[in-house]
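Given next, in structure tokens, is a single chain: the form predicted on its own.
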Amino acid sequence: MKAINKEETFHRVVLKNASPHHYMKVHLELEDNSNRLSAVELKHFIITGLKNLHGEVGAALNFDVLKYDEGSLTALLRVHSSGLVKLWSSLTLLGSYQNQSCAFRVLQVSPFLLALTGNSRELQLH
């Protein structure tokens, strides 16, 4: 049995935001459901929102549209963790697209991409 040395100290290490990226699953609700955006139009729309809220520096925020479904207007976005709040706030404040009301709904956010593959709220057990 090893004797405990009183001079040994224990260090607790806590990492905050250890992941370099965050992933967001978002849904765009449009007033007129017949309007559909392409992935390029969606990214341009988000960049415009960033520019309106945060200026040129905000518009330079690096984010990626990893997956986009034109039918459901649902997208999977990847953003650097330091830019998550800027992106989220600009999505929240976007209110119109081509003179019609719209709203982004943030469905899920996680530092892990795998966490967005399922939603416990929609889980159906057989």
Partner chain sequence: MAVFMDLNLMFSADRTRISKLLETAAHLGFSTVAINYTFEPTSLLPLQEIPVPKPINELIDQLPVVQGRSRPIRVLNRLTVVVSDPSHYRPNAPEYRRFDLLAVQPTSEKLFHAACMLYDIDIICISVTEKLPFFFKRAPINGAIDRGVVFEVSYSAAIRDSTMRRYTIANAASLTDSCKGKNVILSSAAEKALELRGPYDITNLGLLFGLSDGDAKEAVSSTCRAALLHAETRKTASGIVIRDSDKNATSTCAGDTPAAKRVKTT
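Computed from a predicted structure; not experimentally measured. Residue numbers count along the first chain shown, from 1.
Same protein, other form: the form predicted together with the partner chain, not shown, and the subject of what follows.
For the three marked residues, L53, S89 and T92, a heavy atom of each sits within 4.5 Å of the partner chain in the predicted bound form. Only one of 24 to 32, 71 to 79, 39 to 47, 57 to 65 places residue heavy atoms within 4.5 angstroms of the partner chain in the predicted bound form, namely 24 to 32. C102 belongs to the set of residues with a heavy atom inside 4.5 Å of the partner chain in the predicted bound form. When the partner chain is considered in the predicted bound form, V106 lines it closely, a heavy atom lying within 4.5 Å.
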